[in-house]
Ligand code: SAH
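Next up: just one chain, as structure tokens, the form predicted on its own.
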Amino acid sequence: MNSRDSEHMIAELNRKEPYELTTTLAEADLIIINTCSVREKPVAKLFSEIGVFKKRRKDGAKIGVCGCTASHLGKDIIKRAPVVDFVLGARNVSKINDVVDTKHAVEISTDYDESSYDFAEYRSNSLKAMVNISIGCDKSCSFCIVPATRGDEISIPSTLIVGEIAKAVKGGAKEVMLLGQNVNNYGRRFGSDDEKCDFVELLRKISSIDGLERIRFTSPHPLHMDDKFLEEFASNPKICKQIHVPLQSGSTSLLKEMKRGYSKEWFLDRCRKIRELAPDASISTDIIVGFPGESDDDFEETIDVLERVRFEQLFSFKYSPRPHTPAAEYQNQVDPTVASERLSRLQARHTEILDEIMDAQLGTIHQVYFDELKPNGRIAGRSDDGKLVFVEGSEELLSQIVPVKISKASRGALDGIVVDHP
């Protein structure tokens, strides 16, 4: 989502002036730091980054801070770092041209509705498109700052979404990634009362776009994984069989404290249903270790889910107290050393599982969509189930979906040889 917001900002800036990206800091007229605030570490890093840019920028270069940290710190960013020229919140991306030339401008309203705004077109990779389908979040997870930085959830009109994807397909994209805090809650609220469309209907509309071969989405919420949604996921041939199911904790009592809205049993049932309907699907997840009050037994429940589902990918972190969240005020914070030990054990066990999963890929054949040239005569793409695959190849393979036989496996990627391709 942050990457797509950055693309939107680049596109909007180019409505006004012909900006170009540069990898050389000394050339930059404008430096934009697009921020995340889900954990504490990136927020701390922001001010050190500002200090670096202050010293190394060329004379007259502007610095802007955007995104979620901008939303929750607002004017305090400029108070702490007056060198910053403007602050633009995550809910105000379309206003980039309003602030870029206004010294110390601050636009951070989380009530601003840009769900119907028709952004200019820019994509970092023309072969695949990232498309927002909603903004904001209506959940009240006790650990999460996102509702405070991105505001209430609003779905983007389906006509805008379909039009944007169709335009990207004409530009060469065969794959789309649909983005939202809770994509499968799409349609809960629109800016206009006359729009009626849920996520399954949206998927079907998108599937009808000629030339679009693959649909991915992130992140769905376990609470909204009803049978209708999972049956569409499994049966629609254009939907890639890769799904992110954020667990956070395997303990039902902790899930209640987290205000996640589901139990361990519900989560396991949904994963079982996915495996039943789409046996080849890969399932990834998020896990927070050391949430306030987490006991040894709670953590063992999380390990139990890991063993039973065997996630292909795991994003795991120690709990990080965030401002504007109830959990930050909980008195039963877990000792950091204990949390670190649990995280190490979780990650070590997942590494063992991942090695087994990836080793089992040897000799299998995947349909791979190649979208990125790499150095040394290699090209990269992803299988239908989301695995990164490298082969020896050149530009002629770009934008092609071809069968690849896997010859080498590592934790992060697979190597293979193109088969049966003219």
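Quick caveat, the model's predicted, so the values are computed rather than measured. The first residue of the shown sequence is 1; numbering continues from there.
Note that the form predicted in complex with the named molecule isn't included here; everything after this is about it.
Student: Out of V38, A61, I50, L373, which one falls within 4.5 Å of the named molecule in the model of the complex, going by heavy atoms?
Tutor: When the named molecule is considered in the model of the complex, the option within 4.5 Å is V38.
Student: Can you pick the one in R188, R310, K205, K318 that has a heavy atom within 4.5 Å of the named molecule in the model of the complex?
Tutor: Partner contact (heavy atom, 4.5 Å) among the options: K318.
Student: Pick the stretch from 274 to 282, 333 to 341, 318 to 326, 87 to 95 whose residues have a heavy atom within 4.5 Å of the named molecule in the model of the complex.
Tutor: Residues of 318 to 326 come within 4.5 Å of the partner.
Student: If you check in the model of the complex, do Q181, P246 and R260 all have a non-hydrogen atom within 4.5 Å of the named molecule?
Tutor: Spot residues vs the named molecule: full contact, yes.
Student: With a cut-off of 4.5 Å between heavy atoms, is C144 one of the residues that contacts the named molecule in the model of the complex?
Tutor: Heavy-atom contact with the named molecule at 4.5 Å: present for C144.
Student: Counting only non-hydrogen atoms and a 4.5 angstroms cut-off, does E114 reach the named molecule in the model of the complex?
Tutor: Taking the distances in the model of the complex, the answer for E114 is no, it never comes within 4.5 Å of the named molecule.
Student: Answer for D286 alone: is it within 4.5 Å of the named molecule in the model of the complex, judged on heavy atom distances?
Tutor: So D286 counts as contacting the named molecule.
Student: Taking heavy atoms and a 4.5 Å cut-off, does H221 contact the named molecule in the model of the complex?
Tutor: Flag for H221 set to yes.
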